[in-house]
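Below you will find one chain, with nothing else, as structure tokens; this is the form predicted alone, and questions on how it binds or moves follow later.
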């Protein structure tokens, strides 16, 4: 999961064009919205697109968004839990 979180940090920076932020500056449990990284609702839409395009996972319930996008760790957990087991 550490590799996934490291990859997510780089992808979040790239997807959201956070030019002044480095991956090591984003804590695994740091809030992404509000007082944390300071993301907004437009950024949330970009993160949804990132998850769909890169990880092929989709939010089935929009009400879960705040919980899923709370931190890099919660996004990584969502991705891991959404993977379809190999047959």
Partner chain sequence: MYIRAASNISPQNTFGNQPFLSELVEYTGDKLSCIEPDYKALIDPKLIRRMSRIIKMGVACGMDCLQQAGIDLPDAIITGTAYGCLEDTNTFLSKMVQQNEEALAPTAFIQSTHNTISAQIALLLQCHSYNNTFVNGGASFENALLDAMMLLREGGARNILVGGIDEITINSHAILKRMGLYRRQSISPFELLNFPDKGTMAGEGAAFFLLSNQPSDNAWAKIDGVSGFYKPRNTAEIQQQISNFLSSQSISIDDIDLVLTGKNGDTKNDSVYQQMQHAVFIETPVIGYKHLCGEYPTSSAFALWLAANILKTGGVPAALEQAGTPVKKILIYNHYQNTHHSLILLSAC
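Everything quoted here is computed from the prediction, not taken from an experiment. Positions refer to the first chain, counted from 1.
There is another form of the same protein, the form predicted in complex with the partner chain; it is not shown, and what comes next is about it.
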item: Non-hydrogen atom contact residue 45 with the partner chain in the model of the complex at 4.5 angstroms; value: yes
item: 4.5 angstroms heavy atom contact with the partner chain in the model of the complex for residue 20; value: yes
item: Contact flag, residue 29 vs the partner chain in the model of the complex, heavy atom cut 4.5 Å; value: no
item: Partner contact for residue 39 in the model of the complex: the partner chain, 4.5 angstroms, heavy atom; value: yes
